[in-house]
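Shown below, as structure tokens, is a lone chain in the form predicted on its own; questions about how it binds or moves come after it.
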Amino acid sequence: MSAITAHKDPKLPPAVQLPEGPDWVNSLTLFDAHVAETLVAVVRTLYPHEGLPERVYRRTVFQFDTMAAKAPGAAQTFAELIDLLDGATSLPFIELTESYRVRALKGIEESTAFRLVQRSAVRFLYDDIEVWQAFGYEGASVQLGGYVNRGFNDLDWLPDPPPGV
């Protein structure tokens, strides 16, 4: 993984810290362990990244849980997704191999439930500072003095600006 230290706007709240191991589900408001672990498997199947720890996928599902606790319609849609996926084969989604998980997800990709999870996962997974760091993205730089004077002023493919600009 990257040696870069990522920074988030200090005005934003820090990333949620969840317990490691199976106890992380006790931090959830609405989802039970089966729903939570199934959603982790869904997000990991949709956005597989070698080297990303399980905790970043769990934080994404934590955000789903927070969203579902505030919006009953979203909670119902997450429940529909679990029902669709667990009903797609004779085994629960979480017990399927990756190829069968992909097949099950492709089977419901036109559903509202799939679109909610797919789009919400993009929003929450890629807004995680640990993911930024893993991908080599530094994030916000305002509190560090901006990008221009920190090695990002090396545009050699543009003409020099006129004096005084």
Partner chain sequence: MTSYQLDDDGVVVIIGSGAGGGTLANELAQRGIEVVLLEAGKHLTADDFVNDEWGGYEMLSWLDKRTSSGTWRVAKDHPLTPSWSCQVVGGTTTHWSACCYRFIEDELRARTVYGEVPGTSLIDWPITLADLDPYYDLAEAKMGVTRTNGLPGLPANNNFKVMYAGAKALGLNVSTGRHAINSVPYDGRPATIQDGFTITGDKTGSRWSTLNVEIPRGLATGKLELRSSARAVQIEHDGAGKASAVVYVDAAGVTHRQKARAVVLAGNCVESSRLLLHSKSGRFPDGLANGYGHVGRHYLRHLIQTVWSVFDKPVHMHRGEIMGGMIDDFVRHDPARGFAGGYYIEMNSMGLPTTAAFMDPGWWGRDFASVIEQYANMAGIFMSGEDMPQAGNRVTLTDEVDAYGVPVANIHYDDHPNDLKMRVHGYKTLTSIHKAAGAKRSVEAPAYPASHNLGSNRMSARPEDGVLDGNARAWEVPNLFIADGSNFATGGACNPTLTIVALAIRQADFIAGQMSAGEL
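None of the values given here were measured: they were computed from a predicted structure. Positions refer to the first chain, counted from 1.
Omitted from view is the form predicted in complex with its partner chain, to which the following refers.
(request) Would you mind picking the one in L96, L46, L116, A69 that has a heavy atom within 4.5 Å of its partner chain in the predicted complex? (result) Only one listed residue qualifies here, and that residue is L46.
(message) At 4.5 Å between heavy atoms, is Y137 in contact with its partner chain in the predicted complex?
(response) It does: once its partner chain is placed as it appears in the predicted complex, Y137 has a heavy atom within 4.5 Å of it.
(message) Since only the chain is shown here, I'm wondering whether L105 would be in contact with its partner chain in the predicted complex (any heavy atom pair within 4.5 Å).
(response) L105: yes, in contact with its partner chain in the predicted complex.
(message) Even though the partner isn't displayed, in the predicted complex is D23 close enough to its partner chain, meaning a heavy atom within 4.5 Å?
(response) No, D23 stays farther than 4.5 Å from its partner chain in the predicted complex.
(request) Answer with yes or no whether E109 is in contact with its partner chain in the predicted complex, where contact means some heavy atom within 4.5 Å. (result) Contact with its partner chain, yes.
(message) Suppose contact means any heavy atom within 4.5 Å; which members of 148 to 164 contact its partner chain in the predicted complex?
(response) Heavy-atom contacts to its partner chain in the predicted complex: V148, R150, G151, F152, N153, D154, L155, W157, L158, D160, P161, P162, G164.
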